[in-house]
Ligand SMILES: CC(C)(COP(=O)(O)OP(=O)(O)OC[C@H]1O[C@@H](n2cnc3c(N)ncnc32)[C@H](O)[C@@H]1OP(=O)(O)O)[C@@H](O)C(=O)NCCC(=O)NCCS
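Below, in structure tokens: the form predicted alone, a single chain.
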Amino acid sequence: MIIRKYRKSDRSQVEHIQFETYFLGKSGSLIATNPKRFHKEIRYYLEKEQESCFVAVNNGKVIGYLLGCLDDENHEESINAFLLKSIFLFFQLPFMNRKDRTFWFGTIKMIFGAILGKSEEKNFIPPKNSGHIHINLLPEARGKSTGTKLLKAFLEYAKSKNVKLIHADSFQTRVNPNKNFWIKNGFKEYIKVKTSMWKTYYPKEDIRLVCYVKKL
């Protein structure tokens, strides 16, 4: 396995991994049928900040990735942007199949709840003057220090760019425990809130959205 910078030719494989790990580390096909709607969430990294992204490759196949942003201000979405995105999805709902409609309706409900201050997500405010990362691995890449190796490569790069603080946002649940990974790699818990993101699928599960931070 090798860790290297992301290349444009990796895009379809990275998008595949994003969808195959979207549902708390499991395939997005369990909750939706249209991967393209999910790919929009990582478009910024693959088009605007490719130099901050890394991939893990085994036998010519991308098995994991780290998508990075050195400064949140470059990727910050305004409340208006979130509202417009939600409204656009809302009017698409009647044309979706039942599976997709269930997922995206829940997502829209969560977004509006946070914006209108009706849920704990309104208090989820990451640190300012910080970069951020997203790590996703295919099942075959897990338990082999792949995430740690990706993280090490990115942190060395971020330090060379004089970045002082990095944060990572993660869902913490009984079915998706991942706290040890971040703590083991020197991150500390910054803020944790209860989220309704996955309540449709795990109504009895205590699901938390956690922001971890690391000083460089």
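None of the values given here were measured: they were computed from a predicted structure. One-based numbering along the sequence shown.
Beyond the structure shown, there is the form predicted together with the ligand, which is absent from this document and is the topic of what follows.
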{"property": "Partner proximity in the model of the complex: residue 114 to the ligand, non-hydrogen atom cutoff 4.5 Å", "result": "no"}
{"property": "Contact of residue 109 with the ligand in the model of the complex (heavy atom, 4.5 Å)", "result": "no"}
{"property": "The ligand contact at residue 142 in the model of the complex, heavy atom, 4.5 Å", "result": "yes"}
{"property": "Contact flag, residue 187 vs the ligand in the model of the complex, heavy atom cut 4.5 Å", "result": "no"}
{"property": "Partner-proximal stretch of 159 to 167, 175 to 183, 40 to 48, 27 to 35 relative to the ligand in the model of the complex, 4.5 angstroms, heavy atom", "result": "175 to 183"}
{"property": "Contacting member of 119, 102, 86, 136, with respect to the ligand in the model of the complex [4.5 Å, heavy atom]", "result": "136"}
